[in-house]
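Shown next as structure tokens: one chain only, the form predicted on its own.
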Amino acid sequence: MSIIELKNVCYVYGKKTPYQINALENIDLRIEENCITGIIGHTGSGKSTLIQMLNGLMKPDSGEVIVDGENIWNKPKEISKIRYKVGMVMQYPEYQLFADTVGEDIAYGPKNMGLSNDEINHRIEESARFCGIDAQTLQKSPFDLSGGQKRRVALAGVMAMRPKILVLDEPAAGLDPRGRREILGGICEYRKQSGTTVIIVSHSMEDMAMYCDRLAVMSHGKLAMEGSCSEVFAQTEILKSAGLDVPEISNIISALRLKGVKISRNIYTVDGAFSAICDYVRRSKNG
């Protein structure tokens, strides 16, 4: 079941000027409920413009943005309400932080929702846990934190509002492999426990293959294709025309197949490759 639907959405930057750019052209896209959907595309493909349409930060020049069955622009004066339902963490989290302490920053959204102090404290603890923020860090100034820690705080602040839809622009950018696993793993666990629909923008094909249920590929302001990870990564020519590639592990699998290793070509994650190679070794020993 779709929780978000974009119908023929268009947006133009610099309209009627020599610098006019068609950022989004006739986008028709459905986002499935309780799934993790990845939005991928080369720089300038329209990804960031698209996700800012989802909670009313930007308004399409034409077309409809439907969330939970309602066009979010039917009542323009109430557009701010959509941001409690569609929470967004931008690529540069330092622009979302402003309070004296991390705990106060996370509490800001729940306080504006009129929740009790007990419920606010519960949500601070819960979202901090999902984002790997310890009790000591809650007492620190967010401006004394590293870029990766700031990203965790910004994410926790949005999670604490328990939006029905969580939109993340490059949530693991700049993090080391361990940090990427921790924050993306925490997002996956949060989704499982809360039932939240998650949308992730990322340049990392490896992350997309590992954590997403479905993918949408943007290219030059258009939706090039969408589908499951296996469906999308099987279309290597379309990906290459969009300036993208399959996950690196898939190239390694292809090289092994050329060497005569009989394993499936439809492998896009390290875990999948490990299982397939182990299975091949067992078959070789037994055969």
Partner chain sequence: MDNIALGQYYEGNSVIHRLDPRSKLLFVIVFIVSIFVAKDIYAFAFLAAAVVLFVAVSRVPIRIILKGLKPLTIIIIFTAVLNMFWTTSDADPIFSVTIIPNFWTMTLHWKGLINAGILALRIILLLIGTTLFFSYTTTPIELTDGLEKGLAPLKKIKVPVHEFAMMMTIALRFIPTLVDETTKIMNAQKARGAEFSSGGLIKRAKALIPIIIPLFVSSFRRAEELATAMECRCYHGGNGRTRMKVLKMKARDYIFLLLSIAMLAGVILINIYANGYKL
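Quick caveat: nothing in here was measured; it's all calculated off a predicted structure. Residue numbers count along the first chain shown, from 1.
Form predicted together with its partner chain: not shown, discussed below.
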Check Gln96 for me: does it contact its partner chain in the predicted bound form (non-hydrogen atoms, 4.5 angstroms)?
yes
Please determine whether Pro171 contacts its partner chain in the predicted bound form, using a 4.5 Å cut-off between heavy atoms.
no
Taking heavy atoms and a 4.5 Å cut-off, does Ser146 contact its partner chain in the predicted bound form?
no
Taking its partner chain as it sits in the predicted bound form, is Ser45 near enough to touch it, meaning that at least one heavy atom pair lies within 4.5 angstroms?
no
Within 4.5 Å of its partner chain in the predicted bound form, heavy atoms considered, which of Ala242, Ala234, Leu57, Leu256?
Leu57
Asn117, Gln193, Asn112, Thr101: which sits within 4.5 Å of its partner chain in the predicted bound form by any heavy atom?
Asn112
Within 4.5 Å, heavy atoms only, one stretch in 173-181, 126-134, 154-162, 204-212 touches its partner chain in the predicted bound form. Which?
154-162
Taking its partner chain as it sits in the predicted bound form, which residues of 70-91 have a non-hydrogen atom within 4.5 Å of it? Please list them.
Ser80, Arg83, Tyr84, Met88, Met90
